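For reference, the chain that follows is the form predicted alone, supplied as structure tokens.
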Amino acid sequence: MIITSETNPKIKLLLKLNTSKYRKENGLFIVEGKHLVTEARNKGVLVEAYSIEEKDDYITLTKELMKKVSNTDTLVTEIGLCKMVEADSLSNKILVLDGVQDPGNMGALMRSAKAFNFNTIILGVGCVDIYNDKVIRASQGAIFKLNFRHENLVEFLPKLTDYKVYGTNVVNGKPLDEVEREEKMAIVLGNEGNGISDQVNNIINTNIYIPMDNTESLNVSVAGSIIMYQLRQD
């Protein structure tokens, strides 16, 4: 099948999926590039694949249409239409995000979470859409190797009765190098500018912080990566 017109229903759908609202309503999102299309296929979430070349299992687009539906400045040769999947179960190590808004930070946290075995990410209110094209690119494919759930953290965190839940607060926290690894742990990271919200912080019993010299704070993705590395599964 070759598509040459932007009035084609499939093209109209792809264009609409550039907005977060439409992605959520339809449970669909787009990935760009051969690597991510392959990752989506391997994960079993690929609905359709599009290419500027005629290939088996792909719908062919003209270069002009591919440029129109993609979000990168350079021409990509493939894009994939994927379905969103919410996790049913939780891994032993969980990363909980409270209002992380920067796409680059979100993508970097995904990569570190996968690297250090925090295989479930819980997304609280105010987080950037993980299916944003900038997040997906920054994740470098990690989005297909993790489990995600969207939750109200005030309601969700008290349910983790068999997990040790740590917040991140330098004021009344425990130094990271004094924290013992637990079989089941959840690490809560907050917004880039304001940290963990008061409502969430009020239900966290234990905070941790990273001892530092000559600086007061770290970028949330850097801090989160250090914490996950220190507390990773053996």
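Predicted, not measured: the structure shown is a model, and the values here were computed from it. From 1 onward, residues are counted along the sequence shown.
Although it is not shown, the form predicted in complex with another copy of the chain is what the next lines describe.
*Asks:* Identify which of Ile59, Val170, Ile203, Leu176 has a heavy atom within 4.5 Å of another copy of the chain in the predicted bound form; exactly one of them does.
*Replies:* It is Leu176.
*Asks:* Exactly one residue in Lys164, Lys145, Lys134, Arg149 has a non-hydrogen atom within 4.5 Å of another copy of the chain in the predicted bound form; which is it?
*Replies:* In short, Lys145.
*Asks:* Have a look at 176-184, 26-34, 66-74, 41-49 and name the one stretch with heavy atoms inside 4.5 Å of another copy of the chain in the predicted bound form.
*Replies:* Flagged stretch: 176-184.
*Asks:* Considering non-hydrogen atoms and a 4.5 Å limit, does another copy of the chain approach Ser112 in the predicted bound form?
*Replies:* Yes.
*Asks:* Could you tell me if Thr19 has a non-hydrogen atom within 4.5 Å of another copy of the chain in the predicted bound form?
*Replies:* No, Thr19 is distant from the partner.
*Asks:* Would Pro9 count as touching another copy of the chain in the predicted bound form under a 4.5 Å heavy atom rule?
*Replies:* It does not: once another copy of the chain is placed as it appears in the predicted bound form, Pro9 has no heavy atom within 4.5 Å of it.
*Asks:* With the partner left out here, check for me: in the predicted bound form, does some heavy atom of Ala108 sit within 4.5 Å of another copy of the chain?
*Replies:* Answer yes; at least one heavy atom of Ala108 falls within 4.5 Å of another copy of the chain in the predicted bound form.
*Asks:* Would you mind checking 25-40 for residues with a heavy atom within 4.5 Å of another copy of the chain in the predicted bound form?
*Replies:* Read in sequence order, no residue approaches another copy of the chain (within 4.5 Å, in the predicted bound form).
*Asks:* Since the Cα separation of Ala115 and Thr215 moves by 3 Å or more in the predicted bound form, tell me which way: closer or farther than here.
*Replies:* The answer is farther, because the C-alphas of Ala115 and Thr215 separate from each other in the predicted bound form by 3 Å or more.
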